[in-house]
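A single chain comes next, written as structure tokens; it is the form predicted on its own.
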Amino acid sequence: MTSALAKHRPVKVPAIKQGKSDPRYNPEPPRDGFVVRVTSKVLGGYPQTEDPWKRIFQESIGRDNLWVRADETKALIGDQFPESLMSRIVRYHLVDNTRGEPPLWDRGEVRRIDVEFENGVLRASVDLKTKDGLRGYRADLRGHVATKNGRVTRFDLVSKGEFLGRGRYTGNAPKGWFPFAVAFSLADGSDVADRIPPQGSRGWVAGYLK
């Protein structure tokens, strides 16, 4: 390595001009919307183990971002929780991503969504299940939304319930139904990860934001 470096002679080349970024591979958060940090955790059900690698997976926390559109932001400011936003939360973010890339929920797998939202307080419940009955999630959601001067200043939401099953890339889940929670909190842009597109939007941002 030292000898090769000693023989190296820099060669002048023209500078590479920066072109326009391809929005398919560098999507931006919705203009006049906002970003919410999403974390998930399996709360129990794993068998005890002395294996440090298994323990890492058992104690891991899933991480993702939720994108909220401008019109949905306006609705929240008007004390309304948009159906489109709740559907996006349920289908793309109430997933067990603590051990790998999870399968998302199809529309037909959303058995029930009940929502009450008044004075910035959200109370909801969901029932999700695949047609074969091998994967599901039954949970209650509680949250608070606050706004000021035409902006959303608080978005705190927790979903807690019982999860069933695993995905192709999320093996070694606890057996049967196990306690599982997902937390949502308003991103302030201080973390570089706040600009990472949602996992469910990859290659299909328009569909995710629909």
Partner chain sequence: MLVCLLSLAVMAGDGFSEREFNQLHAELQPEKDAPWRSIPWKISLLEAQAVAAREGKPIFIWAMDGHPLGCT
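What you are looking at is a predicted structure, and each value in this text was computed from that prediction instead of being measured. C-alpha atoms forming the largest set that superposes within 1.5 Å between two forms make up the rigid core. Residue numbers count along the first chain shown, from 1.
As for the form predicted in complex with the partner chain, it is not shown, yet the points below apply to it.
Among residues of the shown chain, Ala146 is not one whose heavy atoms approach the partner chain to within 4.5 Å in the predicted bound form. Taking non-hydrogen atoms only, Gln58 never approaches the partner chain to within 4.5 angstroms in the predicted bound form. Contact check for Leu157: a non-hydrogen atom falls within 4.5 Å of the partner chain in the predicted bound form. Within this chain, Ala206 is remote from the site of the partner chain in the predicted bound form, having no heavy atom within 4.5 Å.
Residues of 1-31 placing a heavy atom within 4.5 Å of the partner chain in the predicted bound form, in sequence order: Met1, Leu5, His8, Pro10, Val13, Pro14, Ala15, Ile16, Gln18. In the core-superposed comparison between this form and the one not shown, Arg24 has its Cα shifted by less than 2 Å. Taking the rigid core as fixed, one finds a CA shift for Gly189 smaller than 2 Å between this form and the one not shown.
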